[in-house]
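Here you get one chain, nothing else, as structure tokens; it is the form predicted on its own.
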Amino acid sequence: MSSLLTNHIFAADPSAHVFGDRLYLYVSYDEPYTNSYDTMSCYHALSTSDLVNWVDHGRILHLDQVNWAISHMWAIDANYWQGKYYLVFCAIERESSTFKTGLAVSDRPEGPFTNLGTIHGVEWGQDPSLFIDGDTPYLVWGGRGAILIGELNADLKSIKPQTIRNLSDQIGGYEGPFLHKANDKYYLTYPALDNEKWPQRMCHAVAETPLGPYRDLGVYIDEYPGNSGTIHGSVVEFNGEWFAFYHSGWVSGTQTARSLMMDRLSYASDGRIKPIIPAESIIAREVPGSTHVVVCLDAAAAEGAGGRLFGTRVANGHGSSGHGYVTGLVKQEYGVSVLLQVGLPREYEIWVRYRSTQDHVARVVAGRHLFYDGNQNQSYDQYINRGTVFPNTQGNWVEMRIGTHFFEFGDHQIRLSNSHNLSAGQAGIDVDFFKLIPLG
């Protein structure tokens, strides 16, 4: 049965991988309620341990962080290789005005990722996918009605030209390929069109080796009500079951503000993927056990994920949940901000994970709204005289509820700042992450 994964952001092109005991989705980000894919400029990562409770880790890479690119941050993939997590993505290159495939790296699966440049030898490198087969990395990419595959060099920065195969003559591929292995076979999934007749449908092919040749197995997600015109997805095994991820237009009712979808997947005795029929939107939104997404924004990763440090620094230490924690909130307005991106306007409950060794007064501003003492109706004079008290935690990490706020669609900064200069040697609070829980 279909599950609607996201209505807190609009996202598409989900690429699924399992690292440890969690499943991660790497997705492109649709700017809310635009009428074009040209506005796409960043990516997100989501993860889960049970397929019901999901964490949106926020923005993991933005066009502004990619010096070679000028626009069109379209589909992506990520994988683990030689101790690091690598993101492959595509964008229009500034110099050539054509799509190129980019490479970025992170120490953690949830990012954020740092741009490493383009992958050399990949022409029109749209919608890339990074497939690891034992000790061999492969890149699959597609666009302009073709799908190609080739073996990458060990540094992932270039492709071995003699290994490149154009699979277009073997399958009816169009773009958006994803490669997975099941039952000792290599399955290539991809969107396809019949004579340029939209919408796209998800198709698959099978081979004995990653480079093929591939045998076309046909459609496994056909045209359905609520589709977004495009379809792009992935297949993954998690906790002994197979799942298909893709996107739809059900929440927004448009083709350019898309939402992530999930279905169970199984294979027929002849090796084909059994057809998946997405549920009607009203069913998908109300099925028992439907997913719940919490946005968790790592303070230590703020500068790489759309936020900012104000006079503070990142430190590593026991008990932090991500890249470390932000410390040094010892002077007036020293602090940290994180970026919340919202698709469907809604109310959120705001939490902060912090620690301290004494009571502190600090300011929290979210969506241009100032919070103090959990009471949003006090006067500004009352705030100046008291502020938001962060109680002494005896040095232990705790989560504190700040309040609730209704966020319109778009980008919002959430900032926590120290309210007063502290005495010499006096420690301020340390900040681990901000958590946003959608309400309603």
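Throughout, we count residues from 1 along the sequence that is shown. The model shown is predicted, which means the values in this text are computed figures rather than measured ones.
A second form of this protein, the form predicted together with a small molecule, is not displayed here; the remarks below concern that form.
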| query | finding |
| --- | --- |
| Candidate stretches 105-113, 205-213, 335-343, 227-235 - the one whose heavy atoms come within 4.5 Å of the small molecule in the predicted complex | 227-235 |
| Residue 69, heavy atom within 4.5 angstroms of the small molecule in the predicted complex | no |
| is_contact(residue 430, the small molecule) in the predicted complex, heavy atom dist at most 4.5 Å | no |
| Residue contact check: residue 75 to the small molecule in the predicted complex, 4.5 Å heavy atom | yes |
| Touches the small molecule in the predicted complex: residue 298 (any heavy atom, 4.5 Å) | no |
| In the predicted complex, the one of 356, 126, 118, 252 near the small molecule [non-hydrogen atom within 4.5 angstroms] | 126 |
